[in-house]
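One chain comes next, on its own, written as structure tokens: the form predicted alone.
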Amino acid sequence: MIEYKPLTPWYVNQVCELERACFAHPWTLRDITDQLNSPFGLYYIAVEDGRVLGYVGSFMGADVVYINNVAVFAAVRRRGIATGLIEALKAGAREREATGLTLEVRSRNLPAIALYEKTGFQRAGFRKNYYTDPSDDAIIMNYELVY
């Protein structure tokens, strides 16, 4: 059974392993630890049998939660893990009384765009040449929290 919970120091090394598996420019152990120790960081993990399957990383600025990364190991994708992580983050954002969530996603990352739309995010803008390695534009997506 998959459990969704806040990231704790116990799991940081596994999150770093996931970063290296999923991203061309992974966050370092120090990057993740700094975010974890920040009062503005908001990180959730999906864990099964003591093993991290995925995570969502974000920080809160003013009253909005900015999603930095959503990652799930390739071997366990298509099981609803990313959806569960986003829902856990929404709950955490509500606890912090945020008004909404926002993110940028590569314009060519159609599976991620579909995930965000499925979880209620709306397209809100566009950033030309936002990404490198490879070069890509960004779509800005927002989710309004309703209380």
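These numbers come from a predicted model, not from an experiment. Heads up: residue numbers just count along the shown sequence, starting at 1.
Below, we turn to the form predicted in complex with a small molecule, even though it does not appear here.
Looking at 35-43, 79-87, 94-102, 58-66, the stretch with residues near the small molecule in the predicted complex, meaning non-hydrogen atoms within 4.5 angstroms, turns out to be 79-87. For the chain shown alone, Phe23 is a contact residue for the small molecule in the predicted complex, at least one non-hydrogen atom being within 4.5 angstroms. The closest non-hydrogen atom of Ala112 lies within 4.5 Å of the small molecule in the predicted complex.
In the predicted complex, the small molecule lies within 4.5 Å of some heavy atom of Val70. Contact annotation: Arg30 falls outside 4.5 Å of the small molecule in the predicted complex, judged by heavy atom distances.
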